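First comes one chain, alone, set out as structure tokens in the form predicted alone.
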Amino acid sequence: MTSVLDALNNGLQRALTDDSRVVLLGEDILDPYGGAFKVTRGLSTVFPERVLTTPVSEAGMTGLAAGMALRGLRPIVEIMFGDFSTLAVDPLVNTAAKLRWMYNDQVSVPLVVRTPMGGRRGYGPTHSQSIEKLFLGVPGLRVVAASHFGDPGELLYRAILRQDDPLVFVEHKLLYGLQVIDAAAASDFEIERSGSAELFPAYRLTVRGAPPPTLTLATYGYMAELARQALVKLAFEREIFTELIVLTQLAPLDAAPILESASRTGRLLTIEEGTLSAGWGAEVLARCSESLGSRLAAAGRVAAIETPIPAAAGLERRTLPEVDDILREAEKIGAQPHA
């Protein structure tokens, strides 16, 4: 089996091998260090002229990369911690995302900014946030989140070489150590691609051999693992049968896989690690409410409480959503045990 870390590293290596226009920029990404989370390890040794270390300036490296993309390269920027992506908002949101429109489709900006988000490692309030929601809803900007379902390395490869928009690629820190799960590796659950998206698909998980589900769980990133655990516990310990929809493309949002599921179950629970207000889950629920109306009998959200994330392990656990929060909310919104 392959870890998410190795899959992402392989995706970068494939992209650098297959297209000489690919350039990788970031802080401390050169060997032997190979980046803070080692996703870039080994790459500067193989591609010394196209893996470039930068000063500590997220705005500088992102602005430079946007210019490189305009000149025909396909740059990848690694921002060491997702918290610092706020420093790249101006070149990314005010420039890169706008250029194709401003120049009437005469230019493209195939820029990928990849960055680790999320907590659960005791890094404290400025190195543990899940702030990808700040980039949702920006016209011209894609947001894609890796999970351990499917092939996250292939997902990254497609982000680099198969699309031409500026893109934020979100990697939760705890994903790196997880093993990639595909249909062949699943044991007590079934996994299949959901919806029609080819570049950035959604995945549907159900308990193997279970009755029809009465609740839809919808999530992305590392929370897909906690939702998977909850799906199994709900089935085997509480006889509540659910199906889990895991999106990879968060923006522009294609809610069709979630809508299709929720139209059958009548209940929807969104799960994210970011804070509750104005988040991804709120947008998903708004879309589903507009489309399904009274067919959506009940809905709920699981998210982090709205405080800075503490460094102390116990306080961090209380701040961020856990499996028990998913189980509690699933029962709260009215999913009944199977008769």
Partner chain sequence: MTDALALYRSLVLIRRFEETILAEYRRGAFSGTTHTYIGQEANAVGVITNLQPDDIVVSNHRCHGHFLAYGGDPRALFGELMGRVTGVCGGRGGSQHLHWRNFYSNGILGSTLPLATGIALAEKMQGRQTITTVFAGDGALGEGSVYEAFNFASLWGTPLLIVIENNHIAQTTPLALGLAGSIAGRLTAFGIPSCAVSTSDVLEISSTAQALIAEVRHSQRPQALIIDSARFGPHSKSDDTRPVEMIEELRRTRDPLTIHGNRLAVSARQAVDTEIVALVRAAFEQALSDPPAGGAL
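Residue numbers count along the first chain shown, from 1. Treat the numbers as computed from the prediction; the structure is a model and nothing was measured.
Beyond the structure shown, there is the form predicted in complex with the partner chain, which is absent from this document and is the topic of what follows.
In the model of the complex, the partner chain sits within 4.5 Å of a heavy atom belonging to Trp101. In the model of the complex, the partner chain sits within 4.5 Å of a heavy atom belonging to Arg71. The partner chain in the model of the complex is not approached by Glu290, whose heavy atoms all lie more than 4.5 angstroms from it. In the model of the complex, the partner chain lies within 4.5 Å of some heavy atom of Asp90. With the partner chain omitted here, the record of contacts in the model of the complex names 23 to 31 of 39 to 47, 23 to 31, 272 to 280, 306 to 314, defined by a heavy atom within 4.5 Å. In summary, among the residues Gln106, Ser196, Thr126, Gln179, the only one with a non-hydrogen atom within 4.5 Å of the partner chain in the model of the complex is Gln106. Though the partner chain is absent from this view, in the model of the complex it lies within 4.5 Å of a heavy atom of just one residue from Thr95, Thr86, Gln229, Thr206, which is Thr95. Applying a 4.5 Å heavy atom cutoff to the partner chain in the model of the complex picks out Ser57, Glu58, Ala59, Gly60, Met61, Gly63, Leu64, Ala66, Gly67, Met68, Leu70, Arg71, Gly72, Leu73 from 57 to 82, in order along the sequence.
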